[in-house]
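Single chain ahead, written as structure tokens, the form predicted on its own.
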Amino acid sequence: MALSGTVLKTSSIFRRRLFQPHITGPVSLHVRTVYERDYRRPGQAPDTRWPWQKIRFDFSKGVDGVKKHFGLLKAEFMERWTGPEGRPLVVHMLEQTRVLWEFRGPESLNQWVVTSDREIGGRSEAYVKLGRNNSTCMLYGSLCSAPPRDGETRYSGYCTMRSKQPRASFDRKKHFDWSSFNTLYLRIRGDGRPWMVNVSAETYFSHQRDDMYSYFLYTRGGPYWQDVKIPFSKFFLSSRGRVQDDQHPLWLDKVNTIGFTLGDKADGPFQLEIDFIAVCNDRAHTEEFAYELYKRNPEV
């Protein structure tokens, strides 16, 4: 009884200190115990603000947001009448190739996010712009594999371009449905460097949010365009850069994003020009999954 009373007294004191702070003095709270904190680079002070303190309240911005989301909701209702993604049902069933991203104007670059190891204190630089005649995407920059001098980071040297998560009305997650296709189709022009193509899909559990399906993209270099077809059965599962033992095929009906990562440890300038990104249905490819499927503890 004495032990239970001590535990109840301690928990009540903790709740009172956490949710009922004293008015007469500053209170230091451990924000990590309340909500999960975002990643911060080593040596940087943590952001102890509450989530609602990071929101900028603006009436005009709220009105624009309401107009935007109701417009998206109207488009969703109209697609129900016409067909998937606004296409007639017959066209959707007989579709062999679907172009997902074309770079034909400045608004097409708003669908992508470019990052590098500068977020952790590195020296790599990555930029994106429109190519000649505003008809291609040019990803360029400089790679530097020297780690930052913070005493904690051991490896560095990467640049990434990743598509944004598509959103439906009222910021609901929207997924790409590629279940009718089996191959990723790219038209690129590189400088001879090897890139990593990353595809992320929706997961059931929160600890799987870092799961990524990857495959290598080898560029030839030179002035000529290169048509690349990568079957989805060749993509392997990795998490935080580590290839997983338990491999399983990519869920093509719930694809979130696609990205390109450079980390070949060859310091110097790089360049990758992309004409379009599409998916196609290659009838000659019948492979379901290229890697071995096994159980770590097989049933007897």
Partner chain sequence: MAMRPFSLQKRCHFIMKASRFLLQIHHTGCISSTVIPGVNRLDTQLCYGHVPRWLHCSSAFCKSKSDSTDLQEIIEHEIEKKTKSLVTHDELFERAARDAKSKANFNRVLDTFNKKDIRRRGHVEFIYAALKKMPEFGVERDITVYNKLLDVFPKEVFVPRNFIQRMFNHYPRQQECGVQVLEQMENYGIMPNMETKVLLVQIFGEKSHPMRKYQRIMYWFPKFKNLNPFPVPHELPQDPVDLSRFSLTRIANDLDAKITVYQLPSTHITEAGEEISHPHIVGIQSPEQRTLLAKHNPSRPVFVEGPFPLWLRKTCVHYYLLRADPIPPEEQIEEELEPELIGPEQSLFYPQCIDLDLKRDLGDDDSFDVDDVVEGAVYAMCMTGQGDQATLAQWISGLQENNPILGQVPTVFRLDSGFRELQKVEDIHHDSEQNQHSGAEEEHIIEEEVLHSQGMKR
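Positions refer to the first chain, counted from 1. This one's a predicted model, so the numbers in the text were calculated from it and none came from an experiment.
Keep in mind that the form predicted together with the partner chain is missing from the display, and what follows is about it.
Checklist entry - So which of 199-207, 182-190, 164-172, 68-76 is the stretch with heavy atoms within 4.5 Å of the partner chain in the predicted complex? => result Careful reading of the contacts points to 182-190.
Next on the checklist: By the heavy atom within 4.5 Å rule, which residue out of 108, 82, 115, 135 makes contact with the partner chain in the predicted complex?
Outcome noted: When the partner chain is considered in the predicted complex, the option within 4.5 Å is 135.
Checklist entry - Though the partner chain is not shown, can you say which of 177, 102, 152, 119 has a heavy atom within 4.5 Å of it in the predicted complex? => result Here the answer is residue option 102.
Checklist entry - Heavy atoms within 4.5 Å of the partner chain in the predicted complex: does residue 239 have any? => result Residue 239 lies outside the contact set for the partner chain.
Checklist entry - Given that the partner is absent here, does residue 256 sit within 4.5 Å of the partner chain in the predicted complex, heavy atoms only? => result Answer no; every heavy atom of residue 256 is more than 4.5 Å from the partner chain in the predicted complex.
Checklist entry - Could you tell me if residue 64 has a non-hydrogen atom within 4.5 Å of the partner chain in the predicted complex? => result Taking the distances in the predicted complex, the answer for residue 64 is no, it never comes within 4.5 Å of the partner chain.
Next on the checklist: When the contact criterion is heavy atoms within 4.5 Å, does residue 247 count as touching the partner chain in the predicted complex?
Outcome noted: Close contact exists here: in the predicted complex, residue 247 approaches the partner chain to within 4.5 Å, heavy atoms only.
Item to check | Heavy atom contacts to the partner chain in the predicted complex at 4.5 Å, residues of 202-226 in sequence order | outcome: Going through 202-226 in order - heavy atoms within 4.5 Å of the partner chain in the predicted complex - the hits are 215, 216, 218, 219, 220, 221, 222, 223, 224, 225, 226.
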